[in-house]
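Below, in structure tokens: the form predicted on its own, a single chain.
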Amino acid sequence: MALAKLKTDTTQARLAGLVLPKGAGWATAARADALARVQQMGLPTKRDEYWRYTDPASLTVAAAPEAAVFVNDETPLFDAVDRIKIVFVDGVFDADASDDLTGENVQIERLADAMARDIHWAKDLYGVLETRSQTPVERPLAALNTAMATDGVVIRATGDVARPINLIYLHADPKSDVALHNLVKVEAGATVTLLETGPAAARLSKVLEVDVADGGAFHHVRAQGRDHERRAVTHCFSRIGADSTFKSFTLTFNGVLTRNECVIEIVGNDAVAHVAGACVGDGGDFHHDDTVFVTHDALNGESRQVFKKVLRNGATGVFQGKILVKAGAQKTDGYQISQSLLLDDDSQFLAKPELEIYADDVACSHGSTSGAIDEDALFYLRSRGVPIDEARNLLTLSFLAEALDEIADAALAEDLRDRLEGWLSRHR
């Protein structure tokens, strides 16, 4: 009874004064449906099973906690890549800073423009995958995003898209509270790469819904911004068809609280889904949570979950990962690994790996470990003249390598390796 009242009070306080954004009839209906689901589920508390390791209070409180704007003097990430740049400042599209939203084999529009039109392909995707994800685990913060998001992009790939699409999220207002919602539809046989960079806001809620048709391929590389005080909850929902590919990688630096959820539904035979992440955290106010749910509902599917966390000075890392193999999903190959490198005795890594299998011809495995730097390896490098700080950095980069190897584009992976090396050098 006390928990029910707490959820009710939290939800009512968060929703008080919020008004659904205006749009076409289908958009208004989708938002109203999402709001009704939020009211029915209630916003999460730390007593919810899937929030037991992460306190959602700062994500559900009505007023967003302030976050000082981090001044980043580094060269913009992926600056050497020929890409289509789409810029948002505190959640608002910046047309002057963005490139022309046109490209071969791709249609790109602002979410606000798409949802103002009576007829648009987004009608069949907006909120659809988010709604499907609410069973068996409720995800009310994702539903709240569907109800309240006012900006984002909708992308439809109709063939091979040569240039990656880079969503750049800039943070300028210490009080910004942002909800972004992006849609990606990959038609049969099409291929597209989506890059996401930047902190976006003091508090960010972001949903990405990706529908990959038969034979399609979606590649996703994300680097979450350097702001020390930012808070973020992100959701990626994907549905992948036969002979299709979905690959997503996230690199996280800094931040007070980051919760990244990824829900993948394999509905076509011979599909491949990889989701990976690396994070480096420093300080007792750093908390990073990866929560993943992969459902196999077709033959001969392959999934990989690879997550590595480097934690120091009291930082906390969380991994919750599940592989669900439905009846009939024979020949499934599911792999899950979550590991942490703890650089002191004050940091902690909390893991909850799960397998739920209803087919009898599968190969599924999971593993989770925590440990310190290998003293023998450190001694070996030191004995060959490598300075101790550089030796520790080399071993740390080696530890993270398996996650970075999940990035298909070698140039993108190398850029992220350089950023990791720079971060480690600054935090010796």
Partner chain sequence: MMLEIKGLKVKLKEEDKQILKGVDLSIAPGTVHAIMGPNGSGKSTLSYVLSGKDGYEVTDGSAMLEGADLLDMDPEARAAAGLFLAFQYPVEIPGVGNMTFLRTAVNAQRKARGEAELSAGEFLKIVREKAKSLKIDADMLKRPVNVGFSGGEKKRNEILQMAMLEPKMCILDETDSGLDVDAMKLVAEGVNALRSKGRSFLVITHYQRLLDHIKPDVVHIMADGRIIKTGGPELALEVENNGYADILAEVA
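Positions refer to the first chain, counted from 1. Keep in mind it's a predicted model, so treat the numbers as computed, not measured.
If you look for the form predicted together with its partner chain, you will not find it shown, but the lines that follow are about it.
Only one segment in the set 45-53, 383-391, 28-36, 355-363 has any non-hydrogen atom within 4.5 angstroms of its partner chain in the predicted bound form, and it is 383-391. Only one of Ala377, Ala68, Ala372, Ala63 lies close to its partner chain in the predicted bound form, with a heavy atom inside 4.5 Å, and it is Ala377.
Shown alone here, Leu395 lies within 4.5 Å of its partner chain in the predicted bound form, counting heavy atoms only.
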